[in-house]
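Below you will find one chain, with nothing else, as structure tokens; this is the form predicted alone, and questions on how it binds or moves follow later.
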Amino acid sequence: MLSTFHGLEAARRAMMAQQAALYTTGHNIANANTEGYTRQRVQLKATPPFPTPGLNRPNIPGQMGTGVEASSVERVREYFLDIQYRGENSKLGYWEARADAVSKMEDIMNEPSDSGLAKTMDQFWQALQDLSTHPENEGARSVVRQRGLAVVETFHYLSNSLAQIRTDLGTQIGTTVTEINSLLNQISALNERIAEIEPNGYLPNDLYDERDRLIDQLSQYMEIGVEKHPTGGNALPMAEGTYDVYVMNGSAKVYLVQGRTASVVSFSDGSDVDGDGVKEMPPDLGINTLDVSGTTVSFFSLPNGKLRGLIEGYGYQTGTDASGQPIVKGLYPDMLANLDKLAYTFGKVFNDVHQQGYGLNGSTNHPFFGGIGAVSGAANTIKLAADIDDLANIAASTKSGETGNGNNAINLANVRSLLLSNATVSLQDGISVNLASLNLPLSSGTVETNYQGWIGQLGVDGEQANRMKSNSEILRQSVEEKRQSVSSVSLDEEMMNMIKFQHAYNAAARQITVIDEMLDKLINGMGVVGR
């Protein structure tokens, strides 16, 4: 038999459930502009009917509903969109870092312009042409020397500036590694708190949000995967459990976070700059591997992410050469090496031609450039030879003491167009250059076309990086909009929910009033006939 107060209890449950829904709606509205917040909803569930089946059940027509309860408060989130977002975020992080590195290099190279290396060398060649028509003119000789000095200074500027940007990239890599380690520690700490709450039957939705926000940030630096693990106890079926975060090293997973334990990312051959025991600064000779708490991860196994983009700019090792020295590749190491090759080749060939000519005083065998003893670092060490301090030693003539002979100046101006693939090149008046004997690092094209090729490739790289950055940004934005359409707070919807739950609450309260009137009639109005 039903209780006299059955209706009151059902109405009370309804009021409590609608009240919980109203509180959740208020929480959603309060966090409408909170970054990373996922809207929540109350799962309303009908409470078990009365009576329960059994032989001793009361003899009533059927089961009677007993009301409603708020069974849980859940986040409205689609995990598949999270995976998509993090994938696109990793790609965007990579292309942003690469586009930024290329953009800085383009700023330094400054081509085409009136102050780049190409223009400076053009002016040098033109000065030699002018000298060929006035070989005894002191002014023309002075201009050649000054133009040559400008070429040297431009080489120095480019080499030093590129080296400085490379150093800055190394610092940025160190900062990125520090941020990654900080994120890993925060994620593991959140795992620990979630693991303490879920077994009690609660859903720590706000902690879930914070953890997802941190993982979103982490995905910008590295392409990561996430595994969920239940926390056990009385955790609800929809509880998300702890997250294990990993990166792929070939076909193997290397865990960055495993439950409550965070790994430490560092460079085993790097340096510790802040004394925290983590070698976050990359080695000068380029990065070969990452160290994840003792596990070696190849740089090449990182397919995307800002960290890979920065490393590609800074430089990475691809093996060792015949002498056992590491081979370093990357945007900035490659361009620095190319400038060294250009400065060395240009200086060597120019000197070879210059040393075969004659100065005003009949002297010969004077080098024009010095500081090019080795290919490595040549762009930074090339300088005007001390012999050129005396303008008379500039070898414009192909014959000693012949007035008006500026043929060697023409030979020198033609160095720009010498095909480096030829073993020997013949110039005017029997002067020739044995390129094969010079052991030049450039063996194809000309001095000019090699440089043009590198600048052209830089332009193509920059265009590709910017295009891919834009594409990745659009795709990430598209996924983010889909994710927001599911998870973000819609004030219109929340206001409708508020009205809906308010009316339900009011109706339950009215039901209590109705039942109270029924009970009043029953208790106070019955059995009073004749009074």
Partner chain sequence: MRITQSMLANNMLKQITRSYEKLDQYQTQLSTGKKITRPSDDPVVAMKGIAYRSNLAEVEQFKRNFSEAYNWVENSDSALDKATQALQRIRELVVQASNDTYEETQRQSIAKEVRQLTEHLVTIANTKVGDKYIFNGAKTTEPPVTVNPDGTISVSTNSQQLNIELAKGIYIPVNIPPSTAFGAGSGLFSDLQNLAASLENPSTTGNDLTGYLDKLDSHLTNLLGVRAELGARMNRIELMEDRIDSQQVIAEKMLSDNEDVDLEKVITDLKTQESVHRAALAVGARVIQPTLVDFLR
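Quantities reported herein were computed from a predicted structural model and do not represent experimental measurements. Numbering follows the first chain given and starts at 1.
Here the subject shifts to the form predicted in complex with its partner chain, a form of this protein not shown in this document.
- Please check if Ser113 has a heavy atom lying within 4.5 Å of any heavy atom of its partner chain in the predicted bound form. Yes - in the predicted bound form, heavy atoms of Ser113 and its partner chain come within 4.5 Å of each other.
- Message: Although the partner isn't part of this model, could you tell me whether Lys329 comes within 4.5 Å of its partner chain in the predicted bound form, counting any heavy atom of the residue?
- Response: Heavy-atom contact with its partner chain at 4.5 Å: absent for Lys329.
- Task: Evaluate Thr403 for contact with its partner chain in the predicted bound form, applying a 4.5 angstroms cut-off between non-hydrogen atoms, and reply yes or no.
- Result: Yes, Thr403 lies within 4.5 Å of its partner chain in the predicted bound form.
- Hey, in the predicted bound form, is Met64 touching its partner chain, heavy atoms inside 4.5 Å? Outside the cut-off, so no.
- Site check Glu106, Gln452 and Ser488: each within 4.5 Å of its partner chain in the predicted bound form by heavy atom: Yes.
- Item | its partner chain in the predicted bound form: contacting segment from 81-89, 276-284, 384-392, 133-141, heavy atom within 4.5 Å | Result of the contact check: 133-141.
- Could you spot which one of Asp429, Asp272, Glu192, Asp168 gets a heavy atom to within 4.5 Å of its partner chain in the predicted bound form? Contact with its partner chain in the predicted bound form is made by Asp429 alone.
- Residue (of Thr175, Ser417, Ser161, Asn434) lying close to its partner chain in the predicted bound form, criterion heavy atoms within 4.5 Å: Looking at Thr175, Ser417, Ser161, Asn434 one by one, just Ser417 meets the 4.5 Å heavy-atom criterion.
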